[in-house]
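The data below hold one chain only, encoded as structure tokens and taken in the form predicted alone.
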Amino acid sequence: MRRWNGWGDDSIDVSLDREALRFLEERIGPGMQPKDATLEEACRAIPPSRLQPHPRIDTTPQTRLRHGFGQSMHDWLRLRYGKIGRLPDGVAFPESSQDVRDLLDYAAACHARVIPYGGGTSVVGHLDAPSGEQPVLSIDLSRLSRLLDLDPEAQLATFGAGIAGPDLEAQLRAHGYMLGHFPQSFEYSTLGGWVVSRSSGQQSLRYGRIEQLFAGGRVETPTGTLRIPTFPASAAGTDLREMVLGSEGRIGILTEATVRITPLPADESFHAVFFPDWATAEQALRSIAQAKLPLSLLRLSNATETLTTLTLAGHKKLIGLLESYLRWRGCGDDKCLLLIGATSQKGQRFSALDDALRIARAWHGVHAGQMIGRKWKANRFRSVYLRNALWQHGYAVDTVETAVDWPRVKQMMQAVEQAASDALAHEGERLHAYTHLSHIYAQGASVYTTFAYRLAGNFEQDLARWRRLKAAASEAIVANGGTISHQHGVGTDHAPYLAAEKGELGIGAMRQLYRHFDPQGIMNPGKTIPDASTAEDGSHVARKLA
């Protein structure tokens, strides 16, 4: 069964060995496990539902609890400490687009607000229930999970938008195809969630971000049904897909999505290359990206993430031999790890991999074979389970991510890590921060930073600690010219910083778009841009950083 207060299936545990714990203790100090609330305690704190009865709506406390949270640190703190706060008043389980249409009509009739629920993996507050007297309805799309149509000639597939990643790929694989969209949340996140949050998968270099994969679909809005036909390309005015991409439930609920699919590859391999330092690694990575080689993955870890990866890998003797070899080849304490993914169809050769390795060698890269790459692929969706293990030892983990042009990549990486470290330093707390570039473009790259730090052991202090860290990192992103989100979306956590990116005119256009489809303002209010009556759209942040 899925954990109610952590990540993933409760039958899966990823433990920390003694070496990993010693590593953390040396860097940020020993942790102290906090006392978690029980599921029973959490459910007892939930008030009665305010919704009118409906045959498709479940108002039991546990169902409401399980649909009221995502996976942000704020969500974790509320669940772990039993500070539940606002929740949906009920959860509906539609089985068709018409069911969704009926539920939206029901919500409008009883003046309820609506939160779409996909896989519950949001890390930026997409599922936060708004305050106020109006009841809140969560609409769980998990039963909209069938393959509705497959067109092999156009290489298009249409699914119910509630289908989770593994089920989508399994249904396509039976026909010899794949989508190739693999975010770290792949096991639980859904096709509809990927579209409305503008998700990016780990192999986006080959398969594209979700905006390249999303071809059309159906959206149920409070004012009617929006149907988006598929075209290979169109010059006919505004692209309606762009109104849905990144909409985060504000205009309605995506119930069907048509995506561009690819025949299954015949061969795939992941290779590790080490560089002496960040400067040579970034130069090599940029050269490979701008050569536009048909690779599937480029992922560069800075020196601290490389050290962390090797420390947590286990196999101490084997890693020690690798370290000795790399040091002999000129890659010492500042070494950086680049993973290169090569994917090909039957009959194709890995010429792109040969070209990438040739460029890497020109920048003093040392090819270390496929062992690390195979381990990365095997654990690509399991490493997030470390959040559970770290909490049990008294540590919190959070992330921020952005994207910038190449001239600002190093500056952004350093600024975000330093801002987060400074945010906790006044408490006398140390931070373990590390960064990788995981989505690479000819123009620039995503910058994805992870923070590990100690829990204080009480809700108020830990919430304040997280808010300081999140604000400091977000302000550093904006100040250094980055987007507030490359792949996680906006939700509530990033909403205060959006105006710095979109400007007053852009925010106004978004607000008018939402109002067109949702004149009563019932759809996921407060997400992406705050309600006009309760916030300034984050313009105060833009002024502060101007």
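Note that residue numbering follows the sequence shown and begins at 1. These figures come from a predicted structure and were not determined experimentally.
A second form of this protein, the form predicted in complex with a small molecule, is not displayed here; the remarks below concern that form.
Asker: For the interface check, one of 58-66, 510-518, 482-490, 30-38 should have non-hydrogen atoms within 4.5 Å of the small molecule in the predicted complex; which one?
Answerer: Going through the listed ranges, the match is 482-490.
Asker: Using a 4.5 Å cut on heavy atoms, which of 126, 271, 454, 335 is close to the small molecule in the predicted complex?
Answerer: Partner contact (heavy atom, 4.5 Å) among the options: 126.
Asker: Considering the small molecule in the predicted complex, which of 343, 449, 122, 302 comes within 4.5 Å of it through any heavy atom?
Answerer: Filtering the options by heavy-atom distance leaves 122.
Asker: Establish, in the predicted complex, whether 104, 107 and 217 all lie within 4.5 Å of the small molecule, using non-hydrogen atoms for the distance.
Answerer: No, the candidate spot makes no contact with the small molecule.
Asker: Does residue 183 reach the small molecule in the predicted complex, with heavy atoms at most 4.5 Å apart?
Answerer: Yes, residue 183 lies within 4.5 Å of the small molecule in the predicted complex.
Asker: Quick check on residue 258: any heavy atom within 4.5 Å of the small molecule in the predicted complex?
Answerer: No.
Asker: Even though the small molecule is not shown here, does residue 116 get within 4.5 Å of it in the predicted complex, heavy atoms only?
Answerer: Judged by the heavy-atom cut-off of 4.5 Å, residue 116 is in contact with the small molecule in the predicted complex.
Asker: Answer for residue 248 alone: is it within 4.5 Å of the small molecule in the predicted complex, judged on heavy atom distances?
Answerer: Flag for residue 248 set to yes.
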